[in-house]
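First, one chain by itself: the form predicted on its own, in C-alpha cells.
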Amino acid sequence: MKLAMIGFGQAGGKVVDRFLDYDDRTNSGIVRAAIAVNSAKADLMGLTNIPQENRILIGQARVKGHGVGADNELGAEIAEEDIDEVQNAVDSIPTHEVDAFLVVAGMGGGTGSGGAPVLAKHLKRIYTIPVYGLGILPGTDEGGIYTLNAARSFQTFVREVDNLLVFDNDSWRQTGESMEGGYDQINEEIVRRFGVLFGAGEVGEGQEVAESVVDSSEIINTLSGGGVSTVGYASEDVELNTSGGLLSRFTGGGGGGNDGLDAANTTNRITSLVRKAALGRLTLPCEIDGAERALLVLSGPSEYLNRKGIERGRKWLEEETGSMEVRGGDFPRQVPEVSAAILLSGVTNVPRIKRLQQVAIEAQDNMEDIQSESQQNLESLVEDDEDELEPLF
C-alpha cells in the first residue's frame, strides 16, 4: 500500500520520520511521500529523514515558531489560517500513485491535536482517495490538560477521517523507563505493527508472490465504513541453522532445513500466533467481539506460511469477532521471524475511550472551578474596602 504520510505536531512528525527509517531498513516502499507540519521550529529541526522542503512551519504570525503550548484550540485556528501552506507541500505529492493519506498526530498536545482534524477535513474535501488518521493517545500520567485535549481531539478527528487507527501510549509505557526512551520504544512499536500491515502485498523484483495476496484494496475495504481501528501483532523468531536451512522454535522442528517442517505442527503454531496477536496487547485495548471488519496478515519466510493454518486462523477470528467480513492472506518476506498482524476495524467496546472521556469531563469541570476561584482570589487581593485607591487609568 502506497501512503502519503503527514505528521502533524511533534509526535506525528517523529512517527512519520521513523516510518521513513523503517521503509529504508526493510525496503517496503510504503511511504510514497512524507510531510511534517508543526508550529514549533525546534521540533521540525529535530527530524532526520523527512526532506527539509517538506517540513512546514505554520502559525509564525501568531506563535513565532515557539509552538502553541498544548492549546489545541489555538492549534486548530492556526491550521485553518495556514492550510494553504500545507496544501502547497501536498501539491508536490503524485496523488495518482498514492492509495491513501495517513495523517499522524499525538492527540494530547496542541498543534497535532488541534490541527490534524482540520487537515483531514481539508484533504477529504479535495481528494477522492481515503484519508486515514493515526492518533496517539497520551498516558494517564501525563496530566489533566493532555487528557482533556485527547478527548476533544478524538471525537473531532474520528468524525473527519475515513477511519481512525489508534495507538494508546498508556498500554506501552514501561515502569522505570525514561520519557525519551519510552517514546522511542513506542514509536518503534507503531511503525513495526503498521509497517507489516501496510507493507503486505508489495512484491519487488525477484521476490516471492503470496499464495493469498493481501493488497491495498483489502486494507481499504477493511477500513471502509469509518470508526475506530486497532492492530494486534505477535511474532516468533526463526533461526538459521549451520547448514543454512531455516530452523525454528516456531515449527518445533529438529533436523535441518525445510525437510524438518511438519505441516500439522506449523498449522497449529500459526493458529496460536493469530490468537496471541488478537488477544495480546492491541494498539488500542478493546474487546474484539463486535469488531465490524478484520484483516489478518501472516508474514515471514514462505515455507512457514501454511495456507491451512492461515485459513484456520481467519475462521477463528471470524468466530471471535462475530464479523462476516474477515479477510486474510500471507506476505512472504525473507526475515528471521514469522509474524501475525491483525487489523480490527469498527471496534466499539473500548473501555479506555470511555474512561478518557470521563476523566476529561472531570478535568474540564475542575479547570472551570479553579479559574472561577482564581478570579475571586485576585479580586479579594487587589480590593481594599477601607481605603480605596484610584487606578492610574
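Predicted model, so just to flag it, every value in this text is computed and none were measured. Note that residue numbering follows the sequence shown and begins at 1.
The protein also exists as the form predicted together with a small molecule; that form is not presented, and the subsequent description refers to it.
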| property | result |
| --- | --- |
| Proximity of Gly309 to the small molecule in the model of the complex, heavy atoms at 4.5 Å | no |
| 4.5 angstroms heavy atom contact with the small molecule in the model of the complex for Tyr183 | yes |
| Proximity of Gly313 to the small molecule in the model of the complex, heavy atoms at 4.5 Å | no |
| 4.5 angstroms heavy atom contact with the small molecule in the model of the complex for Asn169 | yes |
| Contact residue in the model of the complex, chosen from Leu119, Ile136, Leu102, Ala200 - any heavy atom within 4.5 Å of the small molecule | Ile136 |
| Partner-contacting position among Glu160, Glu142, Glu80, Glu303 - heavy atom within 4.5 Å of the small molecule in the model of the complex | Glu142 |
| Residue stretch of 109 to 117, 283 to 291, 215 to 223, 267 to 275 approaching the small molecule in the model of the complex, non-hydrogen atom distance within 4.5 Å | 109 to 117 |
| All of Asp23, Tyr132 and Gly195 with a heavy atom within 4.5 Å of the small molecule in the model of the complex | no |
